[in-house]
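Before any questions on how it binds or moves, here is one chain, the form predicted on its own, in C-alpha coordinates.
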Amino acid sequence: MRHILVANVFFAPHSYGGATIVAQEVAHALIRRGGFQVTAVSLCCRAGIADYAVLKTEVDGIVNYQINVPEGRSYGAAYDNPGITARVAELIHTLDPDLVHAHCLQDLGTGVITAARDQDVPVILSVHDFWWICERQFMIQMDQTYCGQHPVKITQCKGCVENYWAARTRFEHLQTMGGLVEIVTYPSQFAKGLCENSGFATGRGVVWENGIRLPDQSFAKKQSARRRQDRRLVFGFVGGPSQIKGWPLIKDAFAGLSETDFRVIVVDGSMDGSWWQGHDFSGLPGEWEVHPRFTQDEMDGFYSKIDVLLFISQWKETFGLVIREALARGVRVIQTDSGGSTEHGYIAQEDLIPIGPDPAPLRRQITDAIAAHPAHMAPCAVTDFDTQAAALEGLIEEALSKAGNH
(Lines give C-alpha, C1' and ligand atoms only; values in the text may rest on other atoms or scores of the structure.)
Protein backbone atom coordinates (compact mmCIF):
# COMPACT_ATOMS: atom_id res chain seq x y z
CA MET A 1 0.00 0.00 0.00
CA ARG A 2 1.44 3.37 -1.11
CA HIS A 3 0.59 6.32 1.12
CA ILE A 4 0.46 9.62 -0.79
CA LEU A 5 0.25 13.00 0.97
CA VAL A 6 -1.27 15.50 -1.45
CA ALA A 7 -0.69 19.18 -0.67
CA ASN A 8 -3.20 21.53 -2.26
CA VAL A 9 -4.15 25.05 -1.18
CA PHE A 10 -7.80 23.95 -0.86
CA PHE A 11 -9.30 20.50 -0.48
CA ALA A 12 -12.68 19.10 0.60
CA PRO A 13 -14.54 20.14 2.70
CA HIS A 14 -13.43 23.50 1.26
CA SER A 15 -13.32 23.10 -2.52
CA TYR A 16 -12.66 25.96 -4.88
CA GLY A 17 -11.01 26.24 -8.27
CA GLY A 18 -10.02 23.89 -11.07
CA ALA A 19 -6.77 22.72 -9.46
CA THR A 20 -8.65 21.66 -6.34
CA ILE A 21 -11.18 19.71 -8.39
CA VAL A 22 -8.34 17.89 -10.14
CA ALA A 23 -6.55 17.14 -6.84
CA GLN A 24 -9.69 15.72 -5.25
CA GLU A 25 -10.91 13.72 -8.24
CA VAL A 26 -7.49 12.21 -8.97
CA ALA A 27 -7.07 11.30 -5.28
CA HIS A 28 -10.34 9.37 -5.34
CA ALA A 29 -9.49 7.77 -8.70
CA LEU A 30 -6.10 6.69 -7.31
CA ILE A 31 -7.80 5.04 -4.34
CA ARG A 32 -10.28 3.28 -6.66
CA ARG A 33 -7.33 1.76 -8.55
CA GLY A 34 -6.30 -0.03 -5.35
CA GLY A 35 -3.03 -0.09 -3.47
CA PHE A 36 -3.13 3.58 -2.47
CA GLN A 37 -4.00 5.56 0.63
CA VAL A 38 -4.31 9.32 0.12
CA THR A 39 -4.18 11.98 2.83
CA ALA A 40 -4.46 15.72 2.13
CA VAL A 41 -3.02 18.87 3.67
CA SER A 42 -4.55 22.23 2.79
CA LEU A 43 -5.29 25.67 4.24
CA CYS A 44 -8.20 27.35 5.95
CA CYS A 45 -8.59 30.84 7.40
CA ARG A 46 -10.96 30.95 10.36
CA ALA A 47 -11.35 33.52 13.08
CA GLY A 48 -11.45 32.20 16.65
CA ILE A 49 -8.95 29.41 15.99
CA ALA A 50 -5.24 29.77 16.80
CA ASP A 51 -2.93 30.68 13.94
CA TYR A 52 -1.35 27.59 12.37
CA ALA A 53 -3.53 25.22 14.37
CA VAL A 54 -4.29 22.01 12.46
CA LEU A 55 -7.87 20.85 11.98
CA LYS A 56 -8.47 17.22 11.03
CA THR A 57 -11.42 16.72 8.67
CA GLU A 58 -12.61 13.86 6.47
CA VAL A 59 -14.81 13.83 3.37
CA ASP A 60 -15.63 10.70 1.35
CA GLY A 61 -12.90 8.68 3.01
CA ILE A 62 -9.99 11.11 2.55
CA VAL A 63 -8.57 12.73 5.68
CA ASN A 64 -7.61 16.39 5.13
CA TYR A 65 -5.43 18.28 7.62
CA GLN A 66 -6.29 21.97 7.33
CA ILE A 67 -3.72 24.49 8.61
CA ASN A 68 -5.41 27.63 9.87
CA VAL A 69 -3.55 30.68 8.51
CA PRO A 70 -4.06 34.28 9.64
CA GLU A 71 -5.35 36.99 7.36
CA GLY A 72 -2.99 39.67 6.11
CA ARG A 73 0.00 37.43 5.48
CA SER A 74 3.16 39.02 4.10
CA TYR A 75 4.39 38.88 0.49
CA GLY A 76 7.11 36.41 1.44
CA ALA A 77 4.74 34.18 3.42
CA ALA A 78 2.71 33.59 0.26
CA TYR A 79 5.51 31.43 -1.13
CA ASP A 80 7.59 30.47 1.92
CA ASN A 81 5.76 30.44 5.26
CA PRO A 82 7.72 29.01 8.25
CA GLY A 83 4.49 28.51 10.23
CA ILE A 84 3.05 26.28 7.53
CA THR A 85 6.36 24.53 6.92
CA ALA A 86 6.59 23.54 10.61
CA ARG A 87 3.09 22.03 10.59
CA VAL A 88 3.70 20.16 7.32
CA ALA A 89 6.99 18.79 8.67
CA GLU A 90 5.16 17.48 11.74
CA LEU A 91 2.48 15.88 9.57
CA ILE A 92 5.06 14.17 7.36
CA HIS A 93 6.86 12.86 10.44
CA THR A 94 3.59 11.54 11.91
CA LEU A 95 1.96 10.20 8.73
CA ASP A 96 5.17 8.79 7.20
CA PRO A 97 3.96 8.99 3.55
CA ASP A 98 5.80 7.26 0.73
CA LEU A 99 5.58 10.37 -1.46
CA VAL A 100 4.39 13.96 -1.29
CA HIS A 101 2.41 15.23 -4.24
CA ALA A 102 2.78 19.02 -4.11
CA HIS A 103 -0.20 19.67 -6.33
CA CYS A 104 -1.01 23.35 -5.88
CA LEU A 105 1.29 25.21 -3.47
CA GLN A 106 -0.06 28.75 -3.84
CA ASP A 107 -0.08 30.14 -0.25
CA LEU A 108 1.00 26.76 1.15
CA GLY A 109 4.51 27.64 0.06
CA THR A 110 7.66 25.80 -0.84
CA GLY A 111 8.21 24.59 2.73
CA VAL A 112 6.19 21.54 1.66
CA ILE A 113 9.10 20.58 -0.59
CA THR A 114 11.87 21.22 1.95
CA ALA A 115 9.93 19.48 4.75
CA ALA A 116 9.63 16.38 2.58
CA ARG A 117 13.27 16.45 1.46
CA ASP A 118 14.49 16.83 5.04
CA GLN A 119 12.75 13.53 5.82
CA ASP A 120 13.84 11.76 2.60
CA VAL A 121 10.34 11.70 1.15
CA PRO A 122 10.30 12.13 -2.66
CA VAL A 123 8.17 14.86 -4.18
CA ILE A 124 6.17 15.22 -7.37
CA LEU A 125 5.42 18.87 -8.04
CA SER A 126 2.46 19.86 -10.24
CA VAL A 127 2.42 23.31 -11.82
CA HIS A 128 -0.87 25.17 -12.28
CA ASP A 129 -1.26 28.64 -13.72
CA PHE A 130 2.12 30.47 -13.81
CA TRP A 131 2.56 31.07 -10.07
CA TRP A 132 6.07 29.60 -10.25
CA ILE A 133 7.36 32.18 -12.74
CA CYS A 134 5.03 35.17 -12.20
CA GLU A 135 4.12 36.79 -8.89
CA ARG A 136 0.82 37.89 -10.45
CA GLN A 137 0.14 34.18 -11.17
CA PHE A 138 -1.60 34.59 -14.55
CA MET A 139 0.92 36.79 -16.37
CA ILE A 140 -1.67 39.54 -16.53
CA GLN A 141 -0.11 43.01 -16.33
CA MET A 142 -1.39 45.88 -14.24
CA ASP A 143 -3.32 47.22 -17.25
CA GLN A 144 -5.14 43.85 -17.41
CA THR A 145 -3.44 42.72 -20.63
CA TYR A 146 -1.48 39.51 -21.17
CA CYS A 147 2.25 39.84 -20.48
CA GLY A 148 3.38 37.80 -23.47
CA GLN A 149 6.95 37.11 -22.30
CA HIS A 150 8.27 33.81 -23.63
CA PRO A 151 10.50 33.05 -21.86
CA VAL A 152 9.85 35.03 -18.72
CA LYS A 153 12.85 37.14 -17.69
CA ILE A 154 12.53 38.67 -14.26
CA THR A 155 14.52 41.73 -15.37
CA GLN A 156 11.63 42.59 -17.69
CA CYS A 157 9.12 42.53 -14.81
CA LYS A 158 10.32 45.79 -13.26
CA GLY A 159 7.42 47.82 -14.61
CA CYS A 160 4.83 45.30 -13.47
CA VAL A 161 5.76 44.23 -9.93
CA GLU A 162 5.47 46.50 -6.89
CA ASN A 163 8.94 45.67 -5.51
CA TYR A 164 11.40 44.38 -8.09
CA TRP A 165 13.95 43.06 -5.60
CA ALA A 166 11.27 41.21 -3.66
CA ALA A 167 9.98 39.78 -6.93
CA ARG A 168 13.49 38.75 -7.96
CA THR A 169 14.12 37.05 -4.61
CA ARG A 170 10.82 35.19 -4.99
CA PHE A 171 11.62 34.20 -8.61
CA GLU A 172 15.06 32.85 -7.73
CA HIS A 173 13.75 31.02 -4.63
CA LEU A 174 11.04 29.25 -6.62
CA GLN A 175 13.55 28.31 -9.35
CA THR A 176 15.75 26.71 -6.68
CA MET A 177 12.82 24.82 -5.15
CA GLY A 178 11.78 23.47 -8.55
CA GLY A 179 15.18 21.84 -8.85
CA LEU A 180 14.72 19.87 -5.60
CA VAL A 181 11.84 17.61 -6.64
CA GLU A 182 11.96 14.30 -8.47
CA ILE A 183 9.38 15.18 -11.17
CA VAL A 184 7.53 18.34 -12.22
CA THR A 185 4.22 17.88 -14.03
CA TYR A 186 2.48 20.33 -16.34
CA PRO A 187 -1.05 20.04 -17.69
CA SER A 188 0.01 21.03 -21.22
CA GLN A 189 3.00 21.24 -23.51
CA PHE A 190 2.56 25.02 -23.61
CA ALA A 191 2.92 25.31 -19.82
CA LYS A 192 5.94 23.01 -19.78
CA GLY A 193 7.64 24.90 -22.59
CA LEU A 194 7.10 28.33 -21.10
CA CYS A 195 8.24 27.34 -17.59
CA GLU A 196 11.29 25.37 -18.69
CA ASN A 197 12.33 28.02 -21.20
CA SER A 198 12.09 30.48 -18.30
CA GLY A 199 14.63 28.40 -16.38
CA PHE A 200 12.24 26.58 -14.07
CA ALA A 201 13.19 22.97 -13.23
CA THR A 202 14.64 22.38 -16.69
CA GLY A 203 14.76 18.71 -17.60
CA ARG A 204 12.50 17.53 -14.76
CA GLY A 205 9.17 18.20 -16.44
CA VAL A 206 6.58 15.92 -18.00
CA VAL A 207 3.15 16.69 -19.42
CA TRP A 208 0.50 15.12 -17.20
CA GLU A 209 -2.79 15.95 -18.85
CA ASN A 210 -5.71 16.78 -16.60
CA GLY A 211 -8.79 14.62 -16.71
CA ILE A 212 -12.45 15.54 -16.40
CA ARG A 213 -15.62 13.89 -15.20
CA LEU A 214 -17.24 12.29 -18.22
CA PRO A 215 -21.01 12.63 -18.77
CA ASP A 216 -23.34 10.17 -17.09
CA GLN A 217 -25.29 7.73 -19.24
CA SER A 218 -28.42 9.85 -18.84
CA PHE A 219 -26.79 13.01 -20.24
CA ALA A 220 -27.65 12.53 -23.94
CA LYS A 221 -31.30 11.93 -23.07
CA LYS A 222 -31.35 15.04 -20.89
CA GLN A 223 -29.68 17.13 -23.60
CA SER A 224 -32.11 15.94 -26.30
CA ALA A 225 -35.12 16.67 -24.10
CA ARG A 226 -34.00 20.24 -23.54
CA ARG A 227 -33.38 20.78 -27.26
CA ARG A 228 -36.87 19.49 -28.09
CA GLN A 229 -38.45 21.72 -25.44
CA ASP A 230 -36.72 24.94 -26.60
CA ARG A 231 -35.17 24.93 -30.06
CA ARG A 232 -33.28 28.20 -29.63
CA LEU A 233 -29.47 28.14 -29.64
CA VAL A 234 -28.04 28.54 -26.12
CA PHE A 235 -24.60 29.98 -25.37
CA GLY A 236 -22.89 29.35 -22.02
CA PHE A 237 -20.16 31.28 -20.20
CA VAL A 238 -18.58 30.20 -16.92
CA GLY A 239 -15.69 32.68 -16.63
CA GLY A 240 -17.25 35.50 -14.61
CA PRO A 241 -17.40 39.24 -15.29
CA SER A 242 -13.67 39.93 -15.49
CA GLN A 243 -11.27 41.22 -18.12
CA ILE A 244 -9.03 38.19 -17.72
CA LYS A 245 -11.84 35.82 -18.75
CA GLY A 246 -12.98 38.02 -21.61
CA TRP A 247 -16.33 39.33 -20.34
CA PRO A 248 -15.90 42.85 -21.83
CA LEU A 249 -15.23 41.27 -25.22
CA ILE A 250 -18.26 38.99 -24.96
CA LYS A 251 -20.49 41.90 -23.98
CA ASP A 252 -19.24 44.01 -26.93
CA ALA A 253 -19.62 41.13 -29.36
CA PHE A 254 -23.25 40.45 -28.41
CA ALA A 255 -24.08 44.16 -28.28
CA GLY A 256 -23.36 44.42 -32.02
CA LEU A 257 -25.65 41.55 -33.09
CA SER A 258 -28.85 42.05 -35.07
CA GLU A 259 -30.06 38.52 -34.21
CA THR A 260 -32.19 38.06 -31.08
CA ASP A 261 -33.53 34.50 -31.19
CA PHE A 262 -31.05 32.84 -28.83
CA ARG A 263 -30.33 32.45 -25.14
CA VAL A 264 -27.18 33.07 -23.05
CA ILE A 265 -26.51 31.46 -19.68
CA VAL A 266 -23.74 32.95 -17.53
CA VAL A 267 -22.59 31.01 -14.46
CA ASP A 268 -21.96 32.61 -11.08
CA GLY A 269 -18.95 30.64 -9.89
CA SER A 270 -18.38 32.73 -6.77
CA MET A 271 -18.78 31.30 -3.27
CA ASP A 272 -21.28 33.99 -2.28
CA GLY A 273 -23.28 34.53 -5.48
CA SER A 274 -21.80 37.99 -6.04
CA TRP A 275 -20.24 37.75 -9.52
CA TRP A 276 -23.19 39.08 -11.51
CA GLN A 277 -24.84 41.27 -8.89
CA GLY A 278 -25.49 44.71 -10.39
CA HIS A 279 -24.99 43.54 -14.00
CA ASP A 280 -27.80 44.55 -16.35
CA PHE A 281 -28.31 42.39 -19.45
CA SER A 282 -31.46 44.19 -20.62
CA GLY A 283 -29.59 46.15 -23.31
CA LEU A 284 -28.17 43.01 -24.94
CA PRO A 285 -30.01 40.98 -27.59
CA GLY A 286 -31.34 37.53 -26.76
CA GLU A 287 -32.55 36.13 -23.45
CA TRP A 288 -29.99 36.18 -20.63
CA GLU A 289 -29.95 34.11 -17.44
CA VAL A 290 -27.60 33.77 -14.47
CA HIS A 291 -27.01 30.13 -13.49
CA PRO A 292 -25.86 29.29 -9.94
CA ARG A 293 -22.47 27.72 -9.21
CA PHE A 294 -22.54 23.95 -9.79
CA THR A 295 -20.63 21.00 -8.38
CA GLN A 296 -19.07 18.10 -10.24
CA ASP A 297 -22.21 16.07 -9.52
CA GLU A 298 -24.37 18.86 -11.03
CA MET A 299 -22.20 19.45 -14.11
CA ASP A 300 -24.37 17.45 -16.53
CA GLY A 301 -27.37 19.56 -15.57
CA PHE A 302 -25.60 22.72 -16.70
CA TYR A 303 -24.06 21.39 -19.90
CA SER A 304 -27.37 19.87 -21.00
CA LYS A 305 -28.76 23.42 -21.10
CA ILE A 306 -26.21 24.90 -23.53
CA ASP A 307 -25.12 24.28 -27.14
CA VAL A 308 -22.04 26.52 -27.38
CA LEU A 309 -19.46 27.28 -24.67
CA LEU A 310 -17.74 30.66 -24.85
CA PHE A 311 -14.13 30.48 -23.61
CA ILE A 312 -12.69 33.91 -24.33
CA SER A 313 -9.78 33.95 -21.89
CA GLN A 314 -7.39 36.87 -22.39
CA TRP A 315 -4.27 35.05 -21.19
CA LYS A 316 -2.42 31.91 -22.15
CA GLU A 317 -3.99 29.35 -19.86
CA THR A 318 -2.24 26.17 -18.84
CA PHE A 319 -5.20 23.86 -19.52
CA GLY A 320 -8.92 24.79 -19.49
CA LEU A 321 -11.04 22.12 -17.78
CA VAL A 322 -14.38 23.56 -18.90
CA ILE A 323 -13.44 23.22 -22.59
CA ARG A 324 -12.83 19.51 -22.19
CA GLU A 325 -16.02 19.12 -20.12
CA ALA A 326 -18.02 20.76 -22.91
CA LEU A 327 -16.39 18.85 -25.78
CA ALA A 328 -16.96 15.52 -24.02
CA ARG A 329 -20.70 16.36 -23.97
CA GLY A 330 -21.08 17.42 -27.59
CA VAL A 331 -21.12 21.12 -26.71
CA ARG A 332 -19.37 23.24 -29.33
CA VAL A 333 -16.63 25.60 -28.09
CA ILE A 334 -15.76 29.09 -29.33
CA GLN A 335 -12.41 29.99 -27.81
CA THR A 336 -9.40 32.23 -27.91
CA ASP A 337 -5.90 31.12 -28.82
CA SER A 338 -5.12 30.71 -25.14
CA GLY A 339 -2.09 28.48 -24.66
CA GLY A 340 -2.63 24.99 -23.27
CA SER A 341 -6.40 25.30 -23.50
CA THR A 342 -6.13 24.68 -27.26
CA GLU A 343 -4.20 21.40 -27.06
CA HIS A 344 -7.33 19.22 -27.18
CA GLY A 345 -6.96 19.44 -30.98
CA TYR A 346 -10.66 19.74 -31.87
CA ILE A 347 -10.58 23.36 -33.11
CA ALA A 348 -8.58 24.39 -36.16
CA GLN A 349 -5.89 26.99 -35.61
CA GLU A 350 -7.61 29.44 -37.97
CA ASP A 351 -10.76 29.30 -35.83
CA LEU A 352 -8.98 30.28 -32.62
CA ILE A 353 -9.75 33.92 -31.76
CA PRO A 354 -6.64 36.04 -31.15
CA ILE A 355 -6.26 37.44 -27.63
CA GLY A 356 -7.03 41.16 -27.77
CA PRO A 357 -9.73 43.82 -27.52
CA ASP A 358 -11.34 43.48 -30.98
CA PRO A 359 -14.85 41.93 -30.63
CA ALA A 360 -15.30 41.41 -34.39
CA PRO A 361 -13.80 37.88 -34.66
CA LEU A 362 -15.94 36.66 -31.75
CA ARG A 363 -19.04 38.35 -33.17
CA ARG A 364 -18.48 36.59 -36.52
CA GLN A 365 -18.29 33.19 -34.84
CA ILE A 366 -21.39 33.88 -32.76
CA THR A 367 -23.26 34.96 -35.89
CA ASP A 368 -22.08 31.85 -37.77
CA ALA A 369 -23.21 29.62 -34.90
CA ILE A 370 -26.67 31.20 -34.90
CA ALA A 371 -26.94 30.88 -38.70
CA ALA A 372 -25.86 27.23 -38.65
CA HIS A 373 -28.19 26.22 -35.82
CA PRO A 374 -29.20 23.46 -35.39
CA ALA A 375 -25.83 21.87 -36.15
CA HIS A 376 -25.13 19.79 -33.08
CA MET A 377 -21.74 18.12 -32.79
CA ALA A 378 -20.95 14.64 -31.53
CA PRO A 379 -19.18 14.19 -28.18
CA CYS A 380 -15.37 14.23 -28.41
CA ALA A 381 -12.98 11.76 -26.78
CA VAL A 382 -11.44 13.43 -23.71
CA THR A 383 -9.17 12.14 -20.93
CA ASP A 384 -11.02 11.30 -17.72
CA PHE A 385 -9.84 11.26 -14.10
CA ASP A 386 -9.33 7.49 -14.05
CA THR A 387 -6.92 7.77 -16.98
CA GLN A 388 -5.16 10.68 -15.30
CA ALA A 389 -4.81 8.67 -12.08
CA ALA A 390 -3.33 5.75 -14.01
CA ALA A 391 -0.73 8.11 -15.45
CA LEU A 392 0.00 9.45 -11.97
CA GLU A 393 0.58 5.93 -10.69
CA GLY A 394 3.33 5.56 -13.29
CA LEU A 395 4.85 8.88 -12.25
CA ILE A 396 4.76 7.88 -8.58
CA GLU A 397 6.69 4.69 -9.31
CA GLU A 398 9.18 6.66 -11.40
CA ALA A 399 9.67 9.22 -8.62
CA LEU A 400 10.14 6.51 -6.00
CA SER A 401 12.65 4.80 -8.25
CA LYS A 402 14.60 8.04 -8.74
CA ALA A 403 14.66 8.56 -4.99
CA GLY A 404 15.78 5.00 -4.37
CA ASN A 405 12.66 4.07 -2.40
CA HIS A 406 11.46 0.98 -4.28
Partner chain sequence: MLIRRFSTTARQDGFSCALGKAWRYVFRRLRGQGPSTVAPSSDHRVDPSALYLGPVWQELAQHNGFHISATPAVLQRRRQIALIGDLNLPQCRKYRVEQLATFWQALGVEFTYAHYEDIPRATSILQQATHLFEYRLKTTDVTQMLRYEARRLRLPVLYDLDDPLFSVSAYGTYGNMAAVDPSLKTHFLNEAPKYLSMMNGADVLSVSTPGMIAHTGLYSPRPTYLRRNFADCQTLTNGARAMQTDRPDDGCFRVAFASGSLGHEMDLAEILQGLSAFVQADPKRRLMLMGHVDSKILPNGLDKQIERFKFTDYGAYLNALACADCAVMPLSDDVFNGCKSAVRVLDAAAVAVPSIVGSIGDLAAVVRHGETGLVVGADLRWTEALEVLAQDLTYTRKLGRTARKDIETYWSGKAEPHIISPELVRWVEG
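Fair warning: this is a prediction, and the values are worked out from it, not measured in the lab. Residue numbers count along the first chain shown, from 1.
Keep in mind the form predicted in complex with its partner chain is missing from the figure; the text below concerns it.
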item: Partner proximity in the model of the complex: residue 10 to its partner chain, non-hydrogen atom cutoff 4.5 Å; value: yes
item: Residue 304, heavy atom within 4.5 angstroms of its partner chain in the model of the complex; value: no
item: Exercise: residue 69 in contact with its partner chain in the model of the complex, heavy atom 4.5 Å; value: yes
item: Distance check, residue 46 to its partner chain in the model of the complex, heavy atom within 4.5 Å; value: yes
item: Option from 135-143, 329-337, 175-183, 190-198 whose residues, in the model of the complex, bring a heavy atom within 4.5 Å of its partner chain; value: 135-143
item: Answer option from 205, 239, 215, 248, heavy atom within 4.5 Å of its partner chain in the model of the complex; value: 248
item: Listed residue (225, 255, 290, 78) with a non-hydrogen atom within 4.5 angstroms of its partner chain in the model of the complex; value: 78
item: Heavy atom contacts to its partner chain in the model of the complex at 4.5 Å, residues of 69-106 in sequence order; value: 69, 71, 72, 73, 74, 75, 78, 90, 91, 93, 94, 95, 96, 98, 106
